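Heads up, the chain below is alone and in the form predicted alone; it's given as structure tokens.
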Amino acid sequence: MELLAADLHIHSVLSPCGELSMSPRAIVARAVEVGIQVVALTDHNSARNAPALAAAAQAAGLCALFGLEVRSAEEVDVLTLFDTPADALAYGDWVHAALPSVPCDPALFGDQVVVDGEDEILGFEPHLLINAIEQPLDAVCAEARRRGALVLLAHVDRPANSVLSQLGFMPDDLPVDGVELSRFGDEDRLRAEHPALGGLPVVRFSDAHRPGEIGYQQTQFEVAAAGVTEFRAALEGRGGRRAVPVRRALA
């Protein structure tokens, strides 16, 4: 077993809210600098920069997962994490098919940039990625799980785009592996106010939109290797594996 510091909620230049400094190569360099051993890209409703992350991470000797932050029809954000770029891209195709055909106005939202592992621009995503897709929350989670993803409800304590803000409750039998807290979230208060979340594992990631935020929050996984199966076992506390969320991990 080894203890791996992971930040699995990071936005790149592909997300309309991500800074242009957030290329996959820059993300990897910052992760190495602050001692993060596993990263994941979770751009809004797209995994088109997953191949670039794979190339950059391999060059730096860093472990990576590949994901999307999907916004369901109810405007609930969900982290979906895969072991390979191909799996993330395939699920991304399913998500994109349900994305409203609304063009991205760069003057309002900035460019949604697709790059390679050397930061060369390959193109631009024309559809605005921040929108809710035309698939309900249960379908978003179920389809991701069917394809082998680790599924986490994003920033559940936030007053917008969380399962609690949008629905006001935790649906029964929603196929998720855990819930993520934002940097403002308090785990004890969350469980006291929302007992329905009491049995779900909690993680913390940075939700980084600029390089200095990477690793600010992280989760340490004690596992045999980095990957979806091992991380799920750690969240469930199986086989001596464990997951420890770390708030304010960096100054």
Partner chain sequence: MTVAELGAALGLTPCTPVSDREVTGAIVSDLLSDVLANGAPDYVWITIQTHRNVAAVASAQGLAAVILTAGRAPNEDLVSLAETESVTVFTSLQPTYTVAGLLYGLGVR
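Being a predicted model, the structure only gives us computed values, none of them experimental. Positions refer to the first chain, counted from 1.
A second form of this protein, the form predicted in complex with the partner chain, is not displayed here; the remarks below concern that form.
Margin query: Can you tell me if N131 lies within 4.5 angstroms of the partner chain in the predicted bound form, counting non-hydrogen atoms only?
Written below: The answer is yes: N131 has a heavy atom within 4.5 Å of the partner chain.
Check: Do V102 and the partner chain come within 4.5 Å of each other in the predicted bound form, heavy atoms counted?
Finding: Yes, V102 sits close enough to the partner chain in the predicted bound form that at least one of its heavy atoms falls within 4.5 Å.
Note to self: Quick check on Q166: any heavy atom within 4.5 Å of the partner chain in the predicted bound form?
What the structure shows: Because a heavy atom of Q166 falls inside 4.5 Å of the partner chain in the predicted bound form, the answer is yes.
Note to self: When the contact criterion is heavy atoms within 4.5 Å, does A73 count as touching the partner chain in the predicted bound form?
What the structure shows: Yes, A73 lies within 4.5 Å of the partner chain in the predicted bound form.
Notebook entry, point to check: Which single stretch, out of 118-126, 148-156, 73-81, 175-183, brings residue heavy atoms within 4.5 Å of the partner chain in the predicted bound form?
Noted result: Contact criterion met by 73-81 only.
Next item on the list: For the stretch 89-117, return the residues whose heavy atoms include at least one within 4.5 Å of the partner chain in the predicted bound form, in the order they occur.
Entry: Going through 89-117 in order - heavy atoms within 4.5 Å of the partner chain in the predicted bound form - the hits are V102, L108, F109.
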